[in-house]
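Before any questions on how it binds or moves, here is one chain, the form predicted on its own, in structure tokens.
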Amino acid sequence: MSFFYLLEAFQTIFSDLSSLLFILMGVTAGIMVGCLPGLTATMGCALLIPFTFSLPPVQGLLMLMGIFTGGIYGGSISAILIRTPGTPAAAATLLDGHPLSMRGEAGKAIGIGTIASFVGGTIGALIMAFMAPQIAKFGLLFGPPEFFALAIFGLSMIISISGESLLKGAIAALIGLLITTIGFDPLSGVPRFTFNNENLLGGITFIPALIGMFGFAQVFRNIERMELVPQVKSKVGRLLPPFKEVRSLLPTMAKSGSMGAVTGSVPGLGCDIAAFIAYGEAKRTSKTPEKFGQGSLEGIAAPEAANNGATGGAMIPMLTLGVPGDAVTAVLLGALTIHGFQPGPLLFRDHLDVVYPIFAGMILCQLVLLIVGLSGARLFAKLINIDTRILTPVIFLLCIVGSYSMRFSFFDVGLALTIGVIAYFMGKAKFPVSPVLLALILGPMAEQNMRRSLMYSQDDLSIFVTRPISAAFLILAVIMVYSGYRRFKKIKEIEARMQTESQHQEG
């Protein structure tokens, strides 16, 4: 049944060439954003969401998925050419991509990365298309207690995105949860914490918050180090690698793409972790592991296939359960909501006309990525040479336009600027902003379903542990927090031991 729905979705997209145009625009814009160090796929989606408001929902979402796909791939271009990953997902690619570039084979490295991205991304998109509907059927069993437990499980992902300090990650998440209480009470309709400002009756609007955290904050960071960032020059040679080399890498690409899809489907892991897992596995099973780090083609193919495979995997929990798989899908979740759809099991029951075009569009994004990536690599490489002093004002202007365009309100522009300043100083104090974003997404879901559950049970808290699915998610959340705490503790112990050994050696 899913296969026939998917075929219909392809027919729908091909019958309207404007949909293909928006996919092309999204992928191209994503690559441009991704290949510029510091401008992540998350930021690209956040900046361009406002430009999708006037589009039909499906076309707007296809464009955003193109940005997601292109942004993850685009980071590999700067990683290979200047040893600076454009996105965190490309951090593993530079280990072998840049050494190959230093040998004068940058074109081959980019070519292998592009083909691997296409193979891995296609595998991830296919897994998403055929697994997501099955997971959604399970989700139809959910009631308010299950959705509350699911939100708590999603919030436990804070453990994975807290950076160097669990405490700072928890504080950031608490700030996000407090922000979600501003505006009308979701059940009683009573205004809360609005300070008699009618602009706050609807709460802190998602788009200005998003642009502030990832747009304006980045502008301020760019201004701070504008004179410190050296200008680089890059060039690309022959792009298409010999067919024999590509064929020998196909098993690595297929395995890494599958691993990336599975890793990406676990909320909180994301594309960057998928890339390093696949890189480690490729090195472990390689016939020539000693070449890794020296310019191994396997060392480029594995992480690129994995991080693009993870894009499809990360969409699975977002679409089926309403829990974002990573920061980018958190933005896409917000985009779905803005366009009038509630991600989760009901999306599959009530809006198959949206779900399957998303699946088909994700597959087409990979094909467009292959074509645009191979044909435009030299042009994208030139973007790396753009002076930061030119680029930063452009980003600043886009932030203003994006934050203004949702409600045509200068209050939203001021709000985005204020949040940007706060996010900038949070970064200076090493407070992560991703937990704030996660809390903004899941906080309302947790509050509404907790209160509905308690109303149903007449304030009996046991309703959350006597229902099997709810109890299972709460147990998983506890396990996630505990295992994350143990991992952080172990890392800190290793860092302390290394510091002590270093001091002894200096002494």
Partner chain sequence: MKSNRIDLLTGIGLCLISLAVFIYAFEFSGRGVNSYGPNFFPQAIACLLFLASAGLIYQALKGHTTASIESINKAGFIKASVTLALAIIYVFAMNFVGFFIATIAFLYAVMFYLGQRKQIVLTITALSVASVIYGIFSVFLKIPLPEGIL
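Just so it is clear, the structure is predicted and the values come from calculations on it, not from any experiment. Numbering follows the first chain given and starts at 1.
Below, we refer to the form predicted in complex with its partner chain, which is not included among the displayed structures.
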Let me test this: is every residue among 56, 262 and 350 within 4.5 Å of its partner chain in the predicted complex, going by heavy atom positions?
no
Is residue 258 near its partner chain? Define near as a heavy atom within 4.5 Å, in the predicted complex.
no
Residue contact check: residue 291 to its partner chain in the predicted complex, 4.5 Å heavy atom
no
Can you check whether residue 165 is within 4.5 Å of its partner chain in the predicted complex, heavy atom basis?
yes
Using a 4.5 angstroms cut-off on non-hydrogen atoms, would residue 103 count as touching its partner chain in the predicted complex?
no
Partner-facing stretch of 420 to 428, 116 to 124, 271 to 279, 303 to 311, counted where any non-hydrogen atom is within 4.5 angstroms of its partner chain in the predicted complex:
420 to 428
Would you mind picking the one in 338, 398, 131, 200 that has a heavy atom within 4.5 Å of its partner chain in the predicted complex?
398
For the stretch 104 to 119, return the residues whose heavy atoms include at least one within 4.5 Å of its partner chain in the predicted complex, in the order they occur.
none
